[in-house]
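Read the single chain below, which is given as structure tokens and is the form predicted on its own.
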């Protein structure tokens, strides 16, 4: 077992559990051992163990189910909708978007992509573009950038025909779980390519969201640049 040394004891327990999750020793959807069993394994008190688990539940890395136990969280449509998708109608409820593939191609990292993914300029990347619609109208264009070295064997067919969400594909096919994101928002002028897809006039204002996704080892695994038509939609995030 990894050392618990360094910082509060419950943080040491968390580090070991996160490493087990990152390595695949604990898998998505798996029931983790009971608190008493884990406390014995880590040689800590139930209170210390529970604090570690509570924090991971709060971060939505683990999920408690009443009467069943604590499970490793999995990425699915509900998780995407409530934790990672933030575009909603100005009047109406949040709903799951209809996603269409525009292209999947090999590329190289520009200055901006390299900086946000923490890789060298010119590194081979995948560039994926999707169009997302709500209530039948195109609202958002996602440009996804991935370091090819982190995603060996990823194919256009695998990406397009995934049975669940993109983050679920990362988790199931590559053992990479997105646990948190950082987003930067800015008002910009839409370029001609995105204007055509969003059915906007060139030069119209749009909201641009640059989201960097991190895995359980706090490594950057995806850059997603979302171009949003805010004529009838807006950004909404619930902060807990």
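Numbering follows the first chain given and starts at 1. Small disclaimer: the values here were computed from a predicted structure and weren't measured.
Not pictured, yet referred to below: the form predicted in complex with the DNA.
Screening 69, 192, 205, 29 for any heavy atom within 4.5 Å of the DNA in the predicted bound form leaves a single hit, 69. With the partner removed from view, the residue among 180, 60, 50, 211 that has a non-hydrogen atom within 4.5 Å of the DNA in the predicted bound form turns out to be 50.
In summary, the region of this chain contacting the DNA in the predicted bound form, judged by heavy atoms within 4.5 Å and restricted to 211-219, 193-201, 29-37, 172-180, corresponds to 29-37.
Heavy atoms of residue 187 never reach within 4.5 Å of the DNA in the predicted bound form, leaving it off the interface. Under a 4.5 angstroms non-hydrogen atom cutoff, the DNA in the predicted bound form lacks residue 22 among its neighbouring residues.
Remark: residue 16 does not count among the residues lining the DNA in the predicted bound form, judged by a heavy atom distance of 4.5 Å or less. Contact check for residue 225: no non-hydrogen atom falls within 4.5 Å of the DNA in the predicted bound form.
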